[in-house]
Ligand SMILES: C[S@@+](CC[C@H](N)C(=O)[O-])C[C@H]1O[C@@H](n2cnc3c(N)ncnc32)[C@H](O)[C@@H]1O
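The data below hold one chain only, encoded as structure tokens and taken in the form predicted alone.
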Amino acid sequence: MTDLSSPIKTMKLYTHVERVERELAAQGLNQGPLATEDLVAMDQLHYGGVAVVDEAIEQLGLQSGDHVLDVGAGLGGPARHIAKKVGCAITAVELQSDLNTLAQQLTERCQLGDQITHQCGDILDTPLPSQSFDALVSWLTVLHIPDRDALFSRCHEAIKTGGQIYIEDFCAQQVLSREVKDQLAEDVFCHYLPSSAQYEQDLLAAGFVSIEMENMSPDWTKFVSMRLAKFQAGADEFVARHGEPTYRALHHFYRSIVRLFDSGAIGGLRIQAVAAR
């Protein structure tokens, strides 16, 4: 069952998590082993699917034997894809207990439990071994965490000297209106959104160097519009399988994200950096 007690559940992408189990049941996959490929339509909650995860693997130069920290692991899709494709060990940290529990169950069914450790908790105080990770990945999670000083210091402490981070995240592209701030807070659980320049300064202050930022705004604006259109086109089938409340919740979220990107107020960033000491 979805845990609605967490404030982040105002973000409707994270409600009705049971839709994943319904989808698997509809495909005759409610029991027994799974392949990671069986889950890609359900467990990749970021933009671009496994192709983006493959790009992160290449950019980070991940190899078998590396230990990767996944911040905001969600349902575990990227972690499972990396583990299966590369052979890495992954510590997947997720704040939401219902997502973490389902992620762990899916990982076990994909027979990747020996490679992936799921930890439920806030990345700001979850116990992590110091300077133990070769790389850190995070998709659309940092935007939920306003205390960037604490977050990036924590990430820097966890990564080995010379280790890399790969983050995809939102940024502000203009001074945000009260309306946009309220929409971000309610629909995206985002209470602080810096510019790309401020983002870079925060990373530098935490000890990261060689910072590279790629503007993903045009691609993401197109992606979220296509996602909404596809979702609306499949409304009848979705409602028949998951019910009207689940459809309305996701439709509200997808439409809200389209409005935010179309306004030009927010944009997307792909960030790489190196931990220095």
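Numbers for residues come from their place in the sequence shown, where the first is 1. Everything numeric here is computed off the predicted structure, so don't read it as measured data.
There is another form of this protein, the form predicted in complex with the ligand, and it is not shown here; the text below is about that form.
With the partner omitted from this view, the residue of Ala206, Val93, Cys190, Ala172 that lies near the ligand in the predicted complex is Val93 [heavy atom within 4.5 Å]. For the residues Arg148, His156, His144, Arg109, the 4.5 Å heavy atom test against the ligand in the predicted complex is passed only by His144. Just one listed stretch, out of 69-77, 172-180, 82-90, 193-201, contacts the ligand in the predicted complex at the 4.5 Å heavy atom level, and that stretch is 69-77. In the predicted complex, the ligand sits within 4.5 Å of a heavy atom belonging to Tyr14. The closest heavy atom approach of Ile165 to the ligand in the predicted complex falls outside 4.5 Å. The closest heavy atom approach of Ile8 to the ligand in the predicted complex falls within 4.5 Å. At the 4.5 Å threshold, heavy atoms of Ala135 stay clear of the ligand in the predicted complex, well away from it. Residues Gly121, Asp122, Ile123 of 104-125 are found to place at least one heavy atom within 4.5 Å of the ligand in the predicted complex.
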